[in-house]
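So this first bit is one chain, no partners, the form predicted alone, shown in structure tokens.
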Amino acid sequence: MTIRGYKFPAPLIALSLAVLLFFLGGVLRSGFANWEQAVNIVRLAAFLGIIAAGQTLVIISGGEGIDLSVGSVVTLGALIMFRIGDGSNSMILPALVLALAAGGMIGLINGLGIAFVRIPPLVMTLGMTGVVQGVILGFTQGVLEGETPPLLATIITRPIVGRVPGIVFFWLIFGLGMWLLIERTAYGKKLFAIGTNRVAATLSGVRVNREILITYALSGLLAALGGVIVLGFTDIVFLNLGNRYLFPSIAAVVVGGTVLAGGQGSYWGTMSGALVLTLLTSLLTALQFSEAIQQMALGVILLLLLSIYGRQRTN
């Protein structure tokens, strides 16, 4: 958005919208705008923000990239921790490594299909969604046996400072790590290059296919990490655990100002977008709107933002 020649950063716009929604909620619903509610909103936004991290990388990479397998990989990551961890704190690390490896492998297969077989990202990741769901059904046979390790739930939900739970501090550290990855590494610079113009990036010496493989592998890995973290909050897994995060993970990236055409965006924007969507959902819930109305509101917001800056390219 540009006012009198000054271009306001999209993350700042999204964050301002989040603050506006919070205080608007206090006006519309008594008791909405208080410290406890603010902490709860940030906590819920953290789960969405972490799951949307890989989606951010994929969308920045361009090529009409959107990872539709995120929801199923979230479920798989949570399921592996639930089954392998099986209530044992000593098994958290092995289960985490296995979950991340499984998510990364799924993302790598996505990347191979997109980079070398030239399958469109939407088609490839949609097909992989079906494959992963089949793997989940085959792995569980419809029976979800296991238990969440107590330490995982404690780390995610227990307050560390005041009433602020551990997940909030983890999200802040995670956000810093994502910022360093995107803005301060060679990978990040190449990511923006291939998102802006893949032909120009190739002529500049960037190995485009390798960057695509890394990007989709990271998307799968981060989705699996999100599943593990969500499990620490829900304390139980079910077969469609991650489905509810698929559409919001895309919307959070777009609301945060990452351009769907690729080449422009930031994880700070995604964090702000996750806050906006979580606040909107919480406000609509507090006002006792139905789930159908909430979904329509999210869709309208996404369409409005797409019409403003979602299809723009970096100048």
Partner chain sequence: MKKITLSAQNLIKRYGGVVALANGNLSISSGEVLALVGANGSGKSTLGKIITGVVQPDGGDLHVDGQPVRLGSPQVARRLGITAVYQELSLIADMSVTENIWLSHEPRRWGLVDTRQMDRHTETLLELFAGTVSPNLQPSTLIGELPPDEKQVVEILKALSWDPRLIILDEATASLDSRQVARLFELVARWQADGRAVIIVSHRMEENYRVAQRATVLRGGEAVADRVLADTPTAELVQLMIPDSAVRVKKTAADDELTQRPVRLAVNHLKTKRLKDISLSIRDGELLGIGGLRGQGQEELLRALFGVVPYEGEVRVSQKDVHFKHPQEAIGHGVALVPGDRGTEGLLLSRSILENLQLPSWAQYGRILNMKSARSDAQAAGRDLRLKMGALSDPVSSLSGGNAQKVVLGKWLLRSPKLLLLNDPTKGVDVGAKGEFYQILDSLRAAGTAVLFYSSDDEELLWLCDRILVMHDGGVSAELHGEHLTHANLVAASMGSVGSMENHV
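Please read all numbers here as calculations on a predicted model, not as lab measurements. Numbering follows the first chain given and starts at 1.
Not on display, but discussed next: the form predicted in complex with its partner chain.
Scanning V161, A186, I236, I173 against its partner chain in the predicted bound form with a 4.5 Å heavy atom cut-off leaves one residue, A186. For the residues N243, T157, T202, S88, the 4.5 Å heavy atom test against its partner chain in the predicted bound form is passed only by T202. The candidate stretches are 280-288, 26-34, 256-264, 41-49, and the one lying within 4.5 Å of its partner chain in the predicted bound form by heavy atoms is 256-264. For the chain shown alone, L98 is not a contact residue for its partner chain in the predicted bound form, no non-hydrogen atom being within 4.5 angstroms. Within 4.5 Å of some heavy atom of its partner chain in the predicted bound form lies at least one heavy atom of V206. Among heavy atoms of L93, none comes within 4.5 Å of its partner chain in the predicted bound form.
Among heavy atoms of R210, some come within 4.5 Å of its partner chain in the predicted bound form.
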